[in-house]
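Given next, in structure tokens, is a single chain: the form predicted alone.
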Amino acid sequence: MTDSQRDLSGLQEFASQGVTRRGFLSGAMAMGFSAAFASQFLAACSSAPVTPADSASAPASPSAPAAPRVGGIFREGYDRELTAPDPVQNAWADPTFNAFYEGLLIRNPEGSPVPMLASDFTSGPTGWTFTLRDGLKFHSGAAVTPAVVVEDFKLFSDPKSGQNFPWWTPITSIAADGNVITCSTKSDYRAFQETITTEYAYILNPAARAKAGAEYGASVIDGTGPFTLDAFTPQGCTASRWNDYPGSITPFFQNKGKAYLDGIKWVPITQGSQRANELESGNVDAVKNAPPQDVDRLKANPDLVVVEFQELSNFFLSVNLGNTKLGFDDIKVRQAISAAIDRQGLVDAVYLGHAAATYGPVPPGFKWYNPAVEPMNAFDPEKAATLLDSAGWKLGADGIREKNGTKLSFTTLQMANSTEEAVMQAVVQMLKKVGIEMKVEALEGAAFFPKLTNTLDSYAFKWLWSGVVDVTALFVQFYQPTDAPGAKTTLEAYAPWEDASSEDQLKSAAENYQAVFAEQLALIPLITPNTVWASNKSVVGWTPNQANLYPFYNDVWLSV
């Protein structure tokens, strides 16, 4: 019996008893309903906000308790311009990836790897194996074979082509035998699960990519996902249901067949102040990241469902560890900068509480978060002044510290973003109080990224990635001089993460890495914002969760 065929009267009565979301979901599953259906049913009954703890394990989705309706175009408002979706090399992974592509494995809402294109997988001291499902094909009709997967993996792991190549370094060889693809290693590489489940490990047709050249992702996409590309520009993208989609075996997808929607339209809304208005006016069906000042209003709207939880991100400040003139090579100077920053003040004033102060390299909601980082980088301007004095940086008559005739004055580059610019302007004032002069220059992405090198004095940036340990090490490896002591020590602390052979070892390595990182401050963490997902109640099955960057589209349908 399907969920929609079950008697809903008991579920309706249970929902009216005022139990918590988690309690409701547990009771509903005891009645024989799936977790996904129960969360959809509850969302249809109430637009109450979801707490971070509940959303991590049982994300809500607006819905109506009825059989899925086929048809309609889902219009999704997005918080930045789009980049051409190419899993091999791409500046940013957007939600379009989850419509056009699939991976061998994917994270379930609890964060564990589960099958997608692979029917089975193993890991051990000699590497990982993946058994490819039979009968798979690309949008073009070309067969998805183990040889094709091997070719993709070699593109991903090649430093000349792969966006995430550093995380493939422990893989010593990639080969196929029958339907089994083997990624060999010299020792256990349990952390590979963080790489193989990301957007930059999604499977594509390498022949189509090679033929399309620079047009791949813009006018040509050949993946295995439930939708095919209609049109793409940075200002918008449209997709249509792939009627030959062979179906899914992913356990947490309720819909195992082709998509319900006729299509999807992604609408970049780069002006944050317009996102809530576009949803409320009906121009889009859902939107990502309305600004903090609009969140409470959206939550109070009975026609909307709002899901809010801690984002897999961190907005950080980086000072170049190789810059001896400004003293950034001195750990005392970096620690002084960190101690001068009132992170909780930023959360309260800029994000209106819709963020978390971040004292180490990973978000506080990370499953292996080490709270020992918090006192290491607590707000303490007196400590900051003492550290600067001991490092030889003395206050000048103009209030700016000097050493050897050089003022402690520098410019930080950042991406243009109204909220993040407000953060940096507040940090400017905080540093000024301890005698550090920082200026900020905000640039659009096209101008910012070419300047992002390991010789840049200072920059601020928000990373967004599901492999939170890996991505922080990547920024140190790519955008700091790795021979600088602080960078070297940080990367040495990262190495045990790649050698871990069990979940316990991963946890231990992650905790130690965070402590070393928080002390060395190869990057100075600031804020982890909440991510806010809001949708009209007519949208069913759009289920964001904390383990993945974006919702999937297999289960999405429109009730009207």
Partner chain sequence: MASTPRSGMVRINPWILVALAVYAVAGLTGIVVLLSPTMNNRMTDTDLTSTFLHPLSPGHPLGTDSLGRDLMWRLLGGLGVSICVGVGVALISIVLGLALGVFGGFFGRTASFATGLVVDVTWAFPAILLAIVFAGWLGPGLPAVVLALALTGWASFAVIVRGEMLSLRERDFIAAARVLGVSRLKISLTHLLVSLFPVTMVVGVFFVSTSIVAESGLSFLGLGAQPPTPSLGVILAEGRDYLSQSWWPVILAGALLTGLVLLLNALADNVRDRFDPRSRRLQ
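Positions refer to the first chain, counted from 1. All values derive from a computational prediction rather than experimental measurement.
There is also a form predicted in complex with its partner chain; it is not shown, and the following applies to it.
Given that its partner chain is left out here, which of 418, 243, 406, 112 has a heavy atom within 4.5 Å of it in the predicted complex? The residue from 418, 243, 406, 112 that makes the contact is 418.
Looking at 142, 300, 349, 210, which is the one with a non-hydrogen atom within 4.5 Å of its partner chain in the predicted complex? Answer to the contact question: 349.
Would you point out which of 268 to 276, 486 to 494, 329 to 337, 303 to 311 contains residues with a non-hydrogen atom within 4.5 Å of its partner chain in the predicted complex? Heavy atoms within 4.5 Å of its partner chain in the predicted complex occur in 268 to 276.
Would you classify residue 169 as touching its partner chain in the predicted complex, given a 4.5 Å non-hydrogen atom cut-off? No, residue 169 sits far enough from its partner chain in the predicted complex that none of its heavy atoms falls within 4.5 Å.
Would residue 430 sit within 4.5 Å of its partner chain in the predicted complex, counting heavy atoms only? Heavy-atom contact with its partner chain at 4.5 Å: present for residue 430.
Hey, in the predicted complex, is residue 294 touching its partner chain, heavy atoms inside 4.5 Å? Yes - in the predicted complex, heavy atoms of residue 294 and its partner chain come within 4.5 Å of each other.
Taking heavy atoms and a 4.5 Å cut-off, does residue 441 contact its partner chain in the predicted complex? Contact check for residue 441: yes, within 4.5 Å of its partner chain in the predicted complex.
What residues of 522 to 546, in sequence order, lie within 4.5 Å of its partner chain in the predicted complex by heavy atom? Residues within 4.5 Å: none in this stretch.
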